[in-house]
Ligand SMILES: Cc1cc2nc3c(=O)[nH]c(=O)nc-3n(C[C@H](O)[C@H](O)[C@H](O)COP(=O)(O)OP(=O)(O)OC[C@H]3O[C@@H](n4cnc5c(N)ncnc54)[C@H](O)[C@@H]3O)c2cc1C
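Single chain ahead, written as structure tokens, the form predicted alone.
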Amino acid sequence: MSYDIMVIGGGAAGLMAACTAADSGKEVILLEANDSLGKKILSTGNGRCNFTNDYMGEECFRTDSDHQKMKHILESFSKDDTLAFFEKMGVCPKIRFGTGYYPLSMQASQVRDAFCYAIKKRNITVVTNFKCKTITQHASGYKAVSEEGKSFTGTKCIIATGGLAAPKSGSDGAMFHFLKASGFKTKDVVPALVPLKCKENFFKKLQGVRWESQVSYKNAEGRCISNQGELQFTKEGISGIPVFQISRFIAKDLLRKKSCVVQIDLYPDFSQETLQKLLEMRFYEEGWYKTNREALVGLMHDKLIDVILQEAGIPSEQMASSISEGQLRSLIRLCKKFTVTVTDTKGFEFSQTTAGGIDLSSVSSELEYVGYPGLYFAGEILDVDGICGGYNLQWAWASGYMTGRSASDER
């Protein structure tokens, strides 16, 4: 049987695309590789689903292709449109943790369930466990064939199969690899919003430490990217939201075999002068009865004290008042410019999204692939990724809406 619109991928973008197309009166089929729809939605926002954000700055979204096209798509379905859509589905929004919107229930499962109800209400045909192997142009549009040989056709086709991040959720990248091999124009894909591995040997000592820091990185093009928040030290390197926010740039440079050095300001709320005066007081004025290690107690995490003193070449049991000016300068430098060398990311298995994908320059302003009338792309499979805070889901809603609306056009 042939349908008006065939949507491949039942994640956030595919669900939005299917609902939007069905609202235009089209007969829609939704093909999903998992045994249920919206599996990846369940893990978003730590299971609470941060589905959009009150702040929608352009800098919250990244692409290596067409910034203007990305901006156009986002403007076509705004944050307010998202809120109205969710409220119409019965999901009451609530701002939490600053500017992020969550369902009032704080349960991602209810967002997924609301979409399932919306799909049912619109009489959209759903086929699960459909692992799409190929998509080809067909006499009446496009034909999708599964690994088992099952096939469906649609006059129009929307591909929303996701990227490579979090493969346990079903985003194994199989469709992306097929499209790239078939000649579709793509940008190299790397993990984004992902922990980083570093080469220094002190990380096992720092494992478990969480510390408010500013994390900065200057990429291969000379652009400095930084973010402040709670840094997490792991046995292999660094993690936490400030690391996630800059990780896509590091992953891109690692792919190009570039050296990647991250600079950490362990005291971002202290100027260097303020920190110097504080340390001089602790060591020179109060250090006559304390060791170097004891002089830092109350100012720094115990595990950090040991590593910082070791890296500065300062004996921990030496009397604090005898610290030299050179040693104090080294200590201040490490506190404000603690540098680590990144060797790798933790990979797609631990990433929240994918950077790279279908090149935006190869699709129209309505996300129709140039040269393939009626073939559209939505969501993470496109070369757009957002920072933490509901931005990747906002891209899914906006691009899903655009493709659903465009594919329903009778032109």
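Residue positions are given as counts along the sequence shown, with the first one as 1. No experiment lies behind these values; they were computed from the predicted model shown.
One more form of this protein, predicted in complex with the ligand, exists but is not displayed; see below.
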Original post:
Would residue 44 sit within 4.5 Å of the ligand in the model of the complex, counting heavy atoms only?
Top reply: yes
Subject >> Partner proximity in the model of the complex: residue 401 to the ligand, non-hydrogen atom cutoff 4.5 Å >> reply: no
Original post:
Hey, in the model of the complex, is residue 132 touching the ligand, heavy atoms inside 4.5 Å?
Top reply: yes
Original post:
Is there a heavy atom of residue 63 lying 4.5 Å or less from a heavy atom of the ligand in the model of the complex?
Top reply: no
**OP:** Within 4.5 Å of the ligand in the model of the complex, counting heavy atoms only, one of 313 to 321, 168 to 176, 118 to 126, 275 to 283 shows up; tell me which.
**Re:** 168 to 176
Original post:
What is the one choice in 29, 33, 375, 70 with a heavy atom within 4.5 Å of the ligand in the model of the complex?
Top reply: 33
**OP:** Residue by residue through 250 to 276, tell me which have a non-hydrogen atom within 4.5 angstroms of the ligand in the model of the complex.
**Re:** none
